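Next up is one chain by itself, shown in structure tokens, the form predicted alone.
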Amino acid sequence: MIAASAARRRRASAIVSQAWWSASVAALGLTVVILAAIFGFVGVRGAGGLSVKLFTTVTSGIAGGLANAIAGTLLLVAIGLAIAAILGIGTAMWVVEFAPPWAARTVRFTIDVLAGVPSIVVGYFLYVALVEGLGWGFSLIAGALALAILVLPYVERSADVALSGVPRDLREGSVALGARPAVTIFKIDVPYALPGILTGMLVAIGIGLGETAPLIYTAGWSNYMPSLAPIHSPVGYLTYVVWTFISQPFAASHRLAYAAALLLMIFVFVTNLLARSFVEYRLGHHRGR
């Protein structure tokens, strides 16, 4: 009787395990199919618009190239990410190493709330505060600040989690050897937590590349190459081309929209590939030690 009951439990457990395995494989297959469909759809329609002219000429109305939008996108994301990295990683270091428990909880709660703020609200707030309030007009710095606010929670939380995961004995050993707090942070904590920090930066880049609404309110749009002036300098960017040009009843505008979408997907793919490769290298290096 007992043996038969145990056999039934084993069979039931095997059936449940097989069902979960089958469901996991099906979910993975569906995800791959959806991703392949998106890449295929955009790739087929966007590949026809790729040419040397696309990268060397600026937009002219709804035609021309995307040199201004490509340069503007890279500048906005780079400056926004730099601002978010300085604030986010610095905040995470303070929270993990120096903040009292109540302050750490407050900062983490605030960051979580900021992550849930709609991007269009951030854009409109900066429009009122900077574009109109301070008279900056549509500008590179206003757009970069919008992206920095949006990606800051992901940079800070990933750095927070990564730094919190540093083994305590490494920190204590550093202190026992007489290292100052700054030395412990930059020589022990940061190298160990670098893969996690980089993952947050990767997520931030992907989010920054895909934003449209906050940039419409802050960066505006320009058919010219970015001037690098911090204020009164509208900037072109790829997501504006995708959002605006696809609604135009002209084949030329559709080609540019699909080409811009394809470039955005390529940028995200390459960024993921490089960052993941670096993470795997760092993890392998740590295991080898």
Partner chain sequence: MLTGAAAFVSSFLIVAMLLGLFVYAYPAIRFNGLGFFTSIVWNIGNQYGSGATVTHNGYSAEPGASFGGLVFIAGTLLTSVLAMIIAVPFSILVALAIVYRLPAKVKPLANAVVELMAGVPSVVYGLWGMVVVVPFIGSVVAPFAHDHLGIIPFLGGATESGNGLLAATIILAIMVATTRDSLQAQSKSIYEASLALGSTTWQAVTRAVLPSVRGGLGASILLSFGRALGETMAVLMICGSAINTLPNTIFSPVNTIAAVIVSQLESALTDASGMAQHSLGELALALFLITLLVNGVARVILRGAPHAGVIG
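From a predicted model like this one, the values you see are computed outputs, not experimental measurements. Numbering follows the first chain given and starts at 1.
The next section is about a form of this same protein that is not shown, the form predicted in complex with the partner chain.
When contacts are judged by a 4.5 Å heavy atom cut-off, Gly210 counts as touching the partner chain in the model of the complex. Residue contact check for Ala252: none of its heavy atoms lie within 4.5 Å of the partner chain in the model of the complex. Not displayed here, the partner chain is approached by Ile246 to within 4.5 Å at the level of heavy atoms in the model of the complex. The closest non-hydrogen atom of Val52 lies beyond 4.5 Å of the partner chain in the model of the complex.
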